[in-house]
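This document opens with one chain alone, in structure tokens, the form predicted alone.
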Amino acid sequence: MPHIPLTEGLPGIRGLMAYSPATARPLNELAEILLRYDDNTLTRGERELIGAYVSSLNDCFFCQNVHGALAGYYLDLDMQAIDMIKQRYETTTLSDKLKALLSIAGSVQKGGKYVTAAQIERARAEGATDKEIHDTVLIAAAFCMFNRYVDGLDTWAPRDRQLYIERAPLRAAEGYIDFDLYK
């Protein structure tokens, strides 16, 4: 049961955005820039995967499944593969660069000061640009905020993960700005 009254049937952050449209707009703009803006060498799928990974570390069911489904949609991976990445990304077929960036994201999830010079050097050695390192840190930090917003107000989230998979193409098409909260 949410800690504040939210619109019935709107899960996770969607209920919170309907509750507070004034904060919804800048939060959605931030998500749009971080996850979809095309002037980026990290793909949309890779950026969504970073968000899903951090959300899994934060145990935010809603966010890890929304963004995991989107990462799967963009990267043509099923949820089992996404789950494997969230649990043991180092043993997957992801690029060494993305593995290095996920390591950084995991440290950010613990706290910004957990990011080490060795992690940054590893990412650079694997071909990560300063922009990719910057964006990884910012995506990870933003998802910690989003996860705490969603879980801190005890929002509702559907447990049927298939729903997230089915919604992914629509969210991918619409993005995060000016979408209909009630769809």
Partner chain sequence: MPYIPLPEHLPGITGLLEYRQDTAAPIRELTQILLRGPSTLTEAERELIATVVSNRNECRFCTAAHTAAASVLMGEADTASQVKRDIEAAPVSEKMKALLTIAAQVQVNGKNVTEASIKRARENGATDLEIHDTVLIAALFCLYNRYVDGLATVTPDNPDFYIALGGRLKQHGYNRLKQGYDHLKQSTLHK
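Predicted model only: the values in this text are computed from it and were never measured. Numbering follows the first chain given and starts at 1.
One more form of this protein exists, namely the form predicted in complex with its partner chain; it is left out here, but the text below deals with it.
Practice problem: Give a yes or no for Gln162: in the predicted complex, does one of its heavy atoms lie within 4.5 Å of a heavy atom belonging to its partner chain? | Solution: No.
Quiz item: Is Ala100 a contact residue for its partner chain in the predicted complex, using a 4.5 Å heavy atom cut-off?
Solution: Although its partner chain is absent here, Ala100 would stay clear of it in the predicted complex, with no heavy atoms inside 4.5 Å.
Exercise. Indicate whether its partner chain has at least one heavy atom within 4.5 Å of a heavy atom of Gln109 in the predicted complex.
Key: Yes, Gln109 is a contact residue.
Exercise. Report yes if any heavy atom of Cys60 sits within 4.5 Å of a heavy atom of its partner chain in the predicted complex; otherwise report no.
Key: Cys60: yes, in contact with its partner chain in the predicted complex.
Practice problem: Would you mind checking 106 to 138 for residues with a heavy atom within 4.5 Å of its partner chain in the predicted complex? | Solution: The stretch touches the partner through Val108, Gln109, Lys110, Gly111, Gly112, Lys113, Val115, Thr116, Ala117, Ile120, Arg124, Asp130, Lys131, Ile133, His134, Asp135, Val137, Leu138.
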